[in-house]
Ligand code: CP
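Only one chain is included here, represented as structure tokens and corresponding to the form predicted on its own.
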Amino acid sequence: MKHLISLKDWSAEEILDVLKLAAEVKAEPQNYAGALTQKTLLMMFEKPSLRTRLSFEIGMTQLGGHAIYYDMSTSPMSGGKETIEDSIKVISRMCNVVMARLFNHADILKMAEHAAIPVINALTDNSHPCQVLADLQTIQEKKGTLKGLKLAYLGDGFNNVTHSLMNGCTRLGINISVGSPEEQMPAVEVTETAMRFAQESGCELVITDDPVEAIKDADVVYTDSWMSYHIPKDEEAARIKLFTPYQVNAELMKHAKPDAIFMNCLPALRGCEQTAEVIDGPQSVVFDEAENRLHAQKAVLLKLCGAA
């Protein structure tokens, strides 16, 4: 049985296999319309969501299955009445696959350890593999290739999306450069793992506090919200001051390749992590990227449920 907890757990071949299936599902959705008939996905949400809920629920429906939305705030787990171990054992007796969008990465690891069905990480404080699979699908569509490209990430380096991009890119031989202030560099253990993957795949991983160095000659420019869901309101002003030098604006984009694409996993705040002229400009592919969450999610469900 396979889980999707982090892209560091998947080989390059497994990632590419899912991307190939995602492209096929997108091109010929009717071929998979009944692939998960009578299958049930439980969707567990501790954090709010738009794209994650839509992509999984619509994806499961289009594949012929059923999805249940479960608000973790109403769960016995959140009140300490039931352990994660007991809950996931019950879920495993009734459902075919479970996805969870949680704060604590240790909780998704505990679910996977005790589940008898596939577990999908739909976001934790450590990683967001589902998002990055959709990102990789988008890059492949727009650039026609993956290996040898350069992706530049600007902004909060200590971030679940950044971590998953580092794992996914270095697994597939995509050069990745993270431009982030010293205070918000990626987690050391993630950097060490990605460095090892980069050596294996023959690409380069650069971590720098210089935004111009990070973005120079990039094929893909990526940023994410400066205000993750767990950031208190009283910290927002300090974070804006810290990250403003890393804002993706027209001037900074000049240092990327002329045909570079701009990505943001959304939600996005114009005037913060990027300017309106960038996210609404001709280089932006953010809504193609958002749509691909649906197709990538369907491919993950098909693979983990043994239906493709």
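Quick note: we count residues from 1 along the sequence shown, nothing fancier. Small disclaimer: the values here were computed from a predicted structure and weren't measured.
Below, we turn to the form predicted together with the named molecule, even though it does not appear here.
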Tell me, out of 258, 282, 34, 267, which residue has a non-hydrogen atom within 4.5 angstroms of the named molecule in the model of the complex.
267
Just to be sure I understand the contacts: of 131, 137, 170, 121, which is the one whose heavy atoms reach within 4.5 angstroms of the named molecule in the model of the complex?
131
Region of this chain that lies against the named molecule in the model of the complex, out of 212-220, 123-131, 199-207, 82-90 [heavy atom, 4.5 Å]
123-131
Does at least one non-hydrogen atom of residue 275 fall within 4.5 angstroms of the named molecule in the model of the complex?
no
Is residue 50 near the named molecule? Define near as a heavy atom within 4.5 Å, in the model of the complex.
yes
Closest heavy atom of residue 298 to the named molecule in the model of the complex, within 4.5 Å or not?
no
So in the model of the complex, does any heavy atom of residue 150 sit within 4.5 Å of the named molecule?
no
With the named molecule taken in the model of the complex, which residues across 276-300 come within 4.5 angstroms through any non-hydrogen atom?
293
